[in-house]
Each structure stands twice: as C-alpha cells, then as structure tokens.
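Starting off, we have a lone chain in the form predicted alone, written out as structure tokens.
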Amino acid sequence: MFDNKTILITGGTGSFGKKYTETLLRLYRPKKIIIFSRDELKQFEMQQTYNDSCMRYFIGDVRDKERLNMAMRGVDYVIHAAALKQVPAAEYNPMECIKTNINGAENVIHAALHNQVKKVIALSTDKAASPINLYGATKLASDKLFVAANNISGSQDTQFSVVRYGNVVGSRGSVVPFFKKLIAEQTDHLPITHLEMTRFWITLQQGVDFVLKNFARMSGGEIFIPKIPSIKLTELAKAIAPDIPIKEIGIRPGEKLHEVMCPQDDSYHTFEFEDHFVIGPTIRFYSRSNDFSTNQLGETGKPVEHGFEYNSLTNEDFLNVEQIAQLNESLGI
C-alpha cells in the first residue's frame, strides 16, 4: 500500500523513524519519504545512510503549524513519532512537554486535515494508560486528540488512529545502552530503581512492523496495542552483566513500578485479536462505523472481560534471563 505513495514521519531522525525508513525502502517503492524533525545535525547524519532519490528532509518543529502545513502538501500517510519522551525531564519542564506533545499533536491533525492526508498513525506509549507522570498525561491527551479528530474530518476521508506499545529494546535513551555505557566504564554495580520493577518489551523492528500492518487494519479512531512479553529489570541486568551486582536506587520522579497498556476502565470497549488488542473510542462517531470488533483486513476480535487490564506484572508472557540474553545477542546489543 506504500508503493508510489508519499509518507511523512515527524520526529523521523529518531530510532523509530530510521528503522521505519529502512523498512519502507526495503519492502516498498515509495514516491517520497519526508523526514520532518528539528535537529539539522541528526538529519545530516541520517542522510549519509538514507540518501535514496525518494528521500526528503524537512527541518521543522511540530509546534510550528505553518511549517507542518507546508511539509504535508501531497502527503498520503503520516506517522507522528515526534515527542518529548524523558519522564524526569517532563516533570521538571512541564510546559515544554505540553507544547510539543499536546499542541504539536493538534498541529499535526490540522495540517493533515488541511492537506487531505489519507491516514495518520500517532505513536503512543504505555505511560499514557492511567498516567501518573506528565509525559504520560500529555500522551493520553494526544491520544484523545487523534481519536476525536475522526469526528472533525467531516466528509473527508482522512483517518486517524493510535499505536501504543512499551519499552523498545536498545532504543536511544533506554536502559540497555545506559547499562552498556556503565559496563564500559567498569562500574561496580548496575542501578535499578526498584527490584520488583517490570516493563513491556518490544524490538524496534516489531514496533515498525506493527505500525505498518495497522495502516491496513485501521478504520480510524482505534488504539492498537501489540501482545508483547514483559521483563523484570533485575533479569535484564543479569542477562547483560551476570557478574556485576545490582543496586536499588529508588524510583525516579513520575516513574511507575509496573506499566499498563490496556487500563481496567477501558475494558468495556477493548477487543482482543490474535496478536493485539484494540481499544475503541469512548466517543461516538457520526460519519463512520462505531464497530471496532472487525478491522479493515477482516480480522475479528472478541470483547475482553470487564475489569481486564493488560499489565506488565500480570502479563502471561515473561522473558527469563536466558531469553533476554538471546534476544540481545540477536539484535547485536
């Protein structure tokens, strides 16, 4: 579906954007791939690897609606990956997080509607489910904006959906590169904020493939959540450095002990499919179907039980130390 199409990725110089670009170039023949981001150095570095004739690089910030409008001319599909994502940084710089994650989301929506983009998928996070930190709260607000955008598209065909998943193995700013850096510096311990902490775990390629598939699945208004394994952070530390002691240092500002992707309160409009969940909107759409039990690929889901919660602690699928080590080795990290 991406052959001879124009795709724009906000925050496209990040880990996800680069892997998404690599995958598009490998599997399809896109007309254009537009990388929209604000860091000229990262764009320059990305151009050294991704310099196909279809590649375009736009310097711009999602806070700038006019620049987004210009960048989206003739665009068929948008992946909104730009965000301020560091939990402690958001706690200490709340207005900056709000300007990018909420106001930026609104600008993406207006630009997509103005340019009659066909489909938009916004990347979310497990921290948007029952949030306790500002980052999660801004992403929940962003999710709500993208869902509600389907009601303001009117007679246009523009569709907006959300993809939510957990921590990406080895992505920039995640715990694996941090542990590796400490090990290279010959640390005498690996810091863990809490010994019981769990997290959902997904590879970058799995995240990209999930987003690609959901462009075909989406009707507009749903939140897609993949079924992925959980890990204990202590097990991760043992898999990376079995001989280095672990030291508990205390939970950081805004940090959760366990993560949730399908909150209990959303269970009455959550559907379970073979390899993913879908959270339907709480609002009613007036110009399109409100049935999210069947997607555009004909896949059918069943309603979950009331009170169901997809939680990293109670997840049925947990990776042990050996499985984590094998996964890290397969990814070269």
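Throughout, we count residues from 1 along the sequence that is shown. A quick note: this is a predicted structure, and the numbers were derived from the prediction, not measured.
Absent from the display: the form predicted together with a small molecule. The rest refers to it.
Comparing 215-223, 160-168, 230-238, 243-251 against the small molecule in the model of the complex, the single stretch with non-hydrogen atoms within 4.5 angstroms of it is 160-168.
Within 4.5 Å of any heavy atom of the small molecule in the model of the complex lies no heavy atom of Asn295. Taking the partner from elsewhere, Ser15 is found to have a heavy atom lying within 4.5 Å of the small molecule in the model of the complex. Using a 4.5 Å cutoff between non-hydrogen atoms, Gly60 counts as a contact of the small molecule in the model of the complex. Although the partner is absent here, Ala81 is a contact residue: one of its heavy atoms lies within 4.5 angstroms of the small molecule in the model of the complex.
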